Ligand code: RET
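Let's start with one chain on its own, the form predicted alone, as structure tokens.
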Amino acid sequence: MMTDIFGISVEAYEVVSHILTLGYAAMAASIFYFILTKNSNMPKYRMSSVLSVVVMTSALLLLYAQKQSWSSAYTFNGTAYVLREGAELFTNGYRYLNWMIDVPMLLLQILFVANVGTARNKYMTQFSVSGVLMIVTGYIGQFYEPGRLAENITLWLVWGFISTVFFVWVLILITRVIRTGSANMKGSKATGVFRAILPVFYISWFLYPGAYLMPYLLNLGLANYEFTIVAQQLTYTVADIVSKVVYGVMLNVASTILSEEEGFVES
């Protein structure tokens, strides 16, 4: 039972603690995977794996910081977990700092596997600019989300909308890249894996705006603080694992197949 509006049950506290731990543990394991499999690819594809290592390292460190923030924000009062007096409030800000690094890297790494020809530099610029602006505007918006001390629904929704504009542009760009890459891989066994990246990308990326909007359930009276924060952290972490780890593995599998078909043999 909650002792106040910002109190949560033992079970809810443990679920968030466990899911955050799973998040950075998955990133740690993936670092080894991408390092150990990098040389299975031709040199022209390897930058994709290198960027995956950068992404996983960044996500590991910042999700660990997120977990520490969660642990230090609450204290057990004998029946539930309540905000610790004088402690820093738990925030999603660490996630946004992580995404500010990871999103451009995630978008760029597919360009080293997809054959988009002379359009690569143009896509690199568009991905970098739109990706960073999407995260920066979302980062500003999260300061005003329902349940925070600076709660301002109007500003939260306005900044969320601006972020969504860049989000939609990213989806348009990634769709073009995957369709072009798939067409240029025609006849390769890698085509099926590469095409499958698009639905995985869409599903995992649409979880993020869903998680961003979850605090609004508080204002609508459809959920309490406990449910909202657990659901949001669960959604964000699942999205992070799929959009980074699963996405990166699929790119690596596709590039390994392409390397083998092009006659590359790991030395």
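These figures come from a predicted structure and were not determined experimentally. In this text, residue numbers run from 1 along the sequence as written.
Note that the form predicted together with this ligand isn't included here; everything after this is about it.
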Contact of I110 with this ligand in the model of the complex (heavy atom, 4.5 Å): no
Should S243 be counted as a contact of this ligand in the model of the complex, where contact means heavy atoms within 4.5 Å? yes
Report yes if any heavy atom of F127 sits within 4.5 Å of a heavy atom of this ligand in the model of the complex; otherwise report no. no
Using heavy atoms and a 4.5 Å limit, would one call A114 a contact residue for this ligand in the model of the complex? no
Quick one: in the model of the complex, does every one of M134, S163 and P209 get a heavy atom within 4.5 Å of this ligand? yes
Could you spot which one of F90, Y96, Y144, Y123 gets a heavy atom to within 4.5 Å of this ligand in the model of the complex? Y96
Using heavy atoms only and a 4.5 Å cut-off, determine which of I197, A190, V103, V177 is in contact with this ligand in the model of the complex. V103
Could you tell me which of 115-123, 182-190, 72-80, 163-171 sits within 4.5 Å of this ligand in the model of the complex, going by non-hydrogen atoms? 163-171
Within 4.5 Å of this ligand in the model of the complex, counting any non-hydrogen atom, which residues from 192-206 show up? W205
